[in-house]
Ligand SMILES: Cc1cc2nc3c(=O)[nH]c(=O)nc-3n(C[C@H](O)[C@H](O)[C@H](O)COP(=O)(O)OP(=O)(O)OC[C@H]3O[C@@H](n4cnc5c(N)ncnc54)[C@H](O)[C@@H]3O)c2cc1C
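In the block that follows, a single chain appears as structure tokens, in the form predicted alone.
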Amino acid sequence: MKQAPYWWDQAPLSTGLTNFPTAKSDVVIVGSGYTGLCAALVLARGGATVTVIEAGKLGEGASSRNGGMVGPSFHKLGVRGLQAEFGKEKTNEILRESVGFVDFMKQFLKDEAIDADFQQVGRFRGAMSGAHFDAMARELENLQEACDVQGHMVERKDQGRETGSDRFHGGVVYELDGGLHPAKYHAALVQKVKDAGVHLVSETTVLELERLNASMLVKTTRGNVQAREVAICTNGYTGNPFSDLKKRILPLRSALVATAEIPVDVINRLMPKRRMYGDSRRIIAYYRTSPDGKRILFGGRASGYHENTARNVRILRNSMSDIFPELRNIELSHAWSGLVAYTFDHTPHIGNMGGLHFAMGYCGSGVARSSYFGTKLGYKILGKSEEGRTVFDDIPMRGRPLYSGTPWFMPAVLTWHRIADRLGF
């Protein structure tokens, strides 16, 4: 079993420059994931000189490790939770803009002629209990009232059309969602920004930022570069040099496994419509077929903050077997994990803090969100306020007292959620 993302087999990571081609740049972007590259593309095409700095290989973080699911990324606390935080009018604006994330991705892939195996197949979310089914029905009704999302409930007696699992008490289908090959998408973005003249500097860690009169000196392990503007696009990998941002996000590890190739009749039975899938457990699980339809990719929350492949495999195999018992002993071909970033209000954020531009906090739903936010960030830095405007602009990104960026309390939180799942809460 390979301890590396399945996606890298078809789209290996690329390496950029290993030194700075210039001592000055209009904009330095830290992070070469979807956010950073989409921002860089807008900036370079807008006439700015841009340098992207990446601590590892290009896209080695979440952008090439995620499950490749593309959706509107509705708020984790639901419509009512969002309304309690922001009020009804603001909530509806947030949800309507979120629905547009998928259309943004579709148009972006079309406009840029990017072939990343995108398919708009919808998403089925299974209810683990009758109470969960009722809650899903209420949430769907709330969403349809707020933003007219396309979806429908599936009764337990009819769920065989959606899934081969008997574990569910029905579920909900969201028609808008889709899936793509995340590493192919990232590789295409890399080529786009290279063609636009962006300098991509890989395997280079930012050590410190020094403020000058009208610019900033970015000090790294491979030298320094001076920039008029700096953007931090590191999400779950935000480090100590950016402490004001780091203490406002919760980096959590998400893990995935890929099965060996499965006979087509089994795939047809378990995932008849080849949708994106999830369920209502507190410890999230997400699963899908590979783009070629020959494997199942199954993901969920990892065992802790640090990599522990053996334990993650046990957790994911147990979770997968709970949904699909016949896969209990299936051979696994790949296992991997990566960091995502949650925020304390479960909302993504974009803006400027202490002179640093940023976009991050995608709360585990980052493919469409990060591409959209990165594009908006690029326009903001160019000073194109209309093109860069988003309903998320005026939402402050708050931290918590005594929290410095290390989620020491998460093991206890995850343990409680696992207990709640076992008890059926």
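The first residue of the sequence shown is number 1, and the count goes up from there. The model shown is predicted, which means the values in this text are computed figures rather than measured ones.
One more form of this protein exists, namely the form predicted together with this ligand; it is left out here, but the text below deals with it.
Only one of 363 to 371, 380 to 388, 41 to 49, 394 to 402 lies within 4.5 Å of this ligand in the predicted complex by heavy atoms, and it is 363 to 371. Within 4.5 Å of this ligand in the predicted complex, a heavy atom is found for none of Tyr6, Ser290 and Leu297. Between this ligand and the residues Cys233, Leu143, Ala187, Ala116, the one pair within 4.5 Å by heavy atoms in the predicted complex involves Cys233. Between this ligand and the residues Phe324, Phe168, Tyr237, Phe124, the one pair within 4.5 Å by heavy atoms in the predicted complex involves Tyr237.
Under a 4.5 angstroms non-hydrogen atom cutoff, this ligand in the predicted complex lacks Leu176 among its neighbouring residues.
Contact annotation for Ser63: at least one heavy atom lies within 4.5 Å of this ligand in the predicted complex. Val28 falls outside the set of residues with a heavy atom inside 4.5 Å of this ligand in the predicted complex.
Although the partner is absent here, Phe358 is not a contact residue: none of its heavy atoms lies within 4.5 angstroms of this ligand in the predicted complex.
Contacts with this ligand in the predicted complex, taken as any heavy atom within 4.5 Å, map within 185 to 207 to Thr204, Thr205, Val206.
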